[in-house]
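Here's a solo chain for you in structure tokens, the form predicted on its own.
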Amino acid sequence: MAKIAVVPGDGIGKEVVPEGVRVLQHLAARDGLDLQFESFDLGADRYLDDGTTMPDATMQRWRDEFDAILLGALGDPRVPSNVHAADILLGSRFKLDLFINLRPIRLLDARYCPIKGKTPDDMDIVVFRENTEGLYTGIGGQFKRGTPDEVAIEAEMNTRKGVERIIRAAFEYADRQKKASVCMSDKSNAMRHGHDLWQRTFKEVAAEYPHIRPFHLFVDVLCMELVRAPEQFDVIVTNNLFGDIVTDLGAQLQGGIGLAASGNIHPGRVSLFEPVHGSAPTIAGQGIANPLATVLSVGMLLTHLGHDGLEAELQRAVGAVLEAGQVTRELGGDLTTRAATDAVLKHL
């Protein structure tokens, strides 16, 4: 039995996460998967009601009792500080040590790609973003805040352990999936201390995989090359900040943020899967949110649970509904959130 924690979150998360659960339940019934779900009331509503963000006891339960977490979007204009979102999402990444942020950049239908002439064969990339270090650790401070002499410092943290394990994870994935290359991206020409560590570690780990071609691009060049010739990339590994930026660029290349799935992973431990499109409060409650990123995230969750082949099947089903135009308004169709999921289920 696999236990899955379900956290709808805020905004359209409350609409798309139940559709993801429907897909999981459909596959469980069809294929005899033993999946157990438990919902958790976490998000802006809970925070505004009683001040709860991320209880330590819940985090401990996730660590000890669960195999995966399906998280919806977080963010609500009623909580300008987004303190609840930071505690839930960043708290989970750090406290559960989810050091791999895995973001596929897969083009499922060429019509949705903004680059002319690209096909699905040209864009099948996986980005390994370091998820627990870098500039997102909150190291730094402010001096003389609110005065003309204010100083603000944000420090980037890179450890040998953290850098090596994300680079090694990228090479191990490339090895398993028979990918030809791994590209490491940094800014070592300007950030000469932390990113020198990335350079040295990448070369050392790459030497253990002589059948995989390693190459390096500064992050600004990587962004240009992703737009010019995405077909040259198989696996990309980079730090927390650059990975955040590069993967959103990749999301647009594959057809928009509504098709962007992600996993926050520690192999062999409870891991968290989420669509990355945000809570979209301006359309929340209208029944028009795109569920496809959640469906694709569910595929990643199933792979994490060891159900090989189902992620590829879900990708094919999403590709089929895109080709048929069975999509929500944001992708040019007229289906509701539930009807778009129904279309996916029919293709399964």
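This structure is a prediction, so every number in the text was calculated from the model and none was measured. The first residue of the shown sequence is 1; numbering continues from there.
The same protein also exists as the form predicted together with a small molecule; that form is not shown, yet it is the one meant from here on.
Contact check for residue 103: a heavy atom falls within 4.5 Å of the small molecule in the predicted complex. Residue contact check for residue 168: none of its heavy atoms lie within 4.5 Å of the small molecule in the predicted complex. The small molecule in the predicted complex comes within 4.5 Å of no heavy atom belonging to residue 179. Not displayed here, the small molecule is kept clear of residue 195 by more than 4.5 Å at the level of heavy atoms in the predicted complex. With the small molecule left out of view, the stretch that reaches within 4.5 Å of it through heavy atoms in the predicted complex is, among 143 to 151, 115 to 123, 88 to 96, 218 to 226, 88 to 96. Against the small molecule in the predicted complex, the set 129, 244 and 274 is in full contact: each member has a heavy atom within 4.5 Å.
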